[in-house]
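Have a look below at one chain only, the form predicted alone, in structure tokens format.
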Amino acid sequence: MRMTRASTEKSRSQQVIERRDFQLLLDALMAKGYRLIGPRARDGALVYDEIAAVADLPVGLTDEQERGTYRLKAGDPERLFGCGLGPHSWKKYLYPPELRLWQAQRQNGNMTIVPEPHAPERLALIGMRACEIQALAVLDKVLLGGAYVDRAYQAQREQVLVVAVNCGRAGKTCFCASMNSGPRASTGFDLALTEVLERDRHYFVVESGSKVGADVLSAVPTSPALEADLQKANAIIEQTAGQMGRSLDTHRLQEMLYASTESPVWDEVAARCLTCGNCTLVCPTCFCTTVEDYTDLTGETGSRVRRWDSCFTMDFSYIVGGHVRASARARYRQWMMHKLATWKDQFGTSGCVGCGRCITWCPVGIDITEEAQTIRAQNEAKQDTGTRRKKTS
């Protein structure tokens, strides 16, 4: 990862780009050799795909999300970034769902391994939200921070430029404020935009977060952000922080989860959970994979492929002798405990960034914040009972 990210507000400049000049920002990125990836509306949902023009963005659209519910609908007709998060996360461009690791060929009775090149692309990710930037920081710790570095991820990560968009509206399943991961992007970006739409003016307050971002911005018509511009942008973000549809109390949560491995909550969740794995597939930080080997019918060529997997599948925990987590109870507990507790032991951070995707895209509406609160209530009730017993003994 480039080490040019600004670490203090003092090192950053803030400018204004008028709406009429926004295409010039995209043009400047493409002129520097970046392939642009941004939000697009497709098949009734927001997806991340290649863009080249403002018209490719979901202009005038917003979304409505609740547990097990998602739909796009008409919003402010002029707003470029009125939609929140869709089912896709940006990780698919750095940690792809399918990656061929190598190929093998048999020639003259000898087997030759052909390494896969994994040539990275210069990608500019347009419209990344603060929680998703935090998710990338989490993946960096997982895939780059340990003794075993994911070389394919590392190569692509170094070629990524991030254009963040500060959220102007919180969804009903969002709880990033609880996880200190939003709605304002504070680090990990090259440029960060706040969209300001007034009756007679439409503009973006832009903050440079790296030298690379500042160089791109220098190729675009801008004006210095006035105090009034900054106040309006800050007011939008503060309003969003107060609109969170969900919250998660993280105080002593790890300790409470460890004390609740046999809680009846897991049975109650298991009675509803379909073990479909949707929550892991939409999650921006889940990184579980499996490896599969293929050969052709002649046995002359073969390949090894890495694919995304899920801890909700039976085979994921299979070892000789059987499945370690054969029940829905065990699999949901593993997922939630890992996200909110054991992930911290492994990587020093939470595995959840509060994006709310797992709530929206769960077909039966299981809510991780609700389950955590239930466990908290049970723990507190147990502690109160123990305290009363001590006083009466």
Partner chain sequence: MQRKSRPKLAIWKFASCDGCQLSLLDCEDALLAVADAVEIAYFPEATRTVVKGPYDLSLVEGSITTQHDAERIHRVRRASKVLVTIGACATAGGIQALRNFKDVKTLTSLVYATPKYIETLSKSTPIADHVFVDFELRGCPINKAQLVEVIIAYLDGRKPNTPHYSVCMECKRRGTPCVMVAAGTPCLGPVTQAGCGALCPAYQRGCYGCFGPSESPNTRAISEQWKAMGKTPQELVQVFRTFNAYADAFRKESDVHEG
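Positions refer to the first chain, counted from 1. In this text the structure is predicted, and so the values were computed from the model without any measurement.
What comes next is about the form predicted in complex with the partner chain, which is not displayed.
Novice: Based on heavy atom distances of 4.5 Å or less, which listed stretch (167-175, 217-225, 310-318, 243-251) is in contact with the partner chain in the model of the complex?
Specialist: Contact criterion met by 310-318 only.
Novice: Given that the partner is absent here, does G44 sit within 4.5 Å of the partner chain in the model of the complex, heavy atoms only?
Specialist: Contact check for G44: yes, within 4.5 Å of the partner chain in the model of the complex.
Novice: With the partner left out here, check for me: in the model of the complex, does some heavy atom of L197 sit within 4.5 Å of the partner chain?
Specialist: No, no contact at 4.5 Å.
Novice: With a cut-off of 4.5 Å between heavy atoms, is G75 one of the residues that contacts the partner chain in the model of the complex?
Specialist: G75: no contact with the partner chain in the model of the complex.
Novice: Do D296 and the partner chain come within 4.5 Å of each other in the model of the complex, heavy atoms counted?
Specialist: The answer is yes: D296 has a heavy atom within 4.5 Å of the partner chain.
Novice: Do heavy atoms from each of C273, R331 and P363 fall within 4.5 Å of the partner chain in the model of the complex?
Specialist: Yes, the whole candidate spot contacts the partner chain.
Novice: Ok, R100, H202, R106, K232: which has a heavy atom sitting within 4.5 Å of the partner chain in the model of the complex?
Specialist: Looking at R100, H202, R106, K232 one by one, just R106 meets the 4.5 Å heavy-atom criterion.
Novice: Of these, L281, L80, V265, V206, which has a heavy atom no more than 4.5 Å from the partner chain in the model of the complex?
Specialist: So the residue touching the partner chain in the model of the complex, by this definition, is L281.
Novice: Which residues in 214-239 have a heavy atom within 4.5 Å of the partner chain in the model of the complex?
Specialist: The stretch 214-239, when checked against the partner chain in the model of the complex, contributes no residue at the 4.5 Å heavy-atom cut-off.
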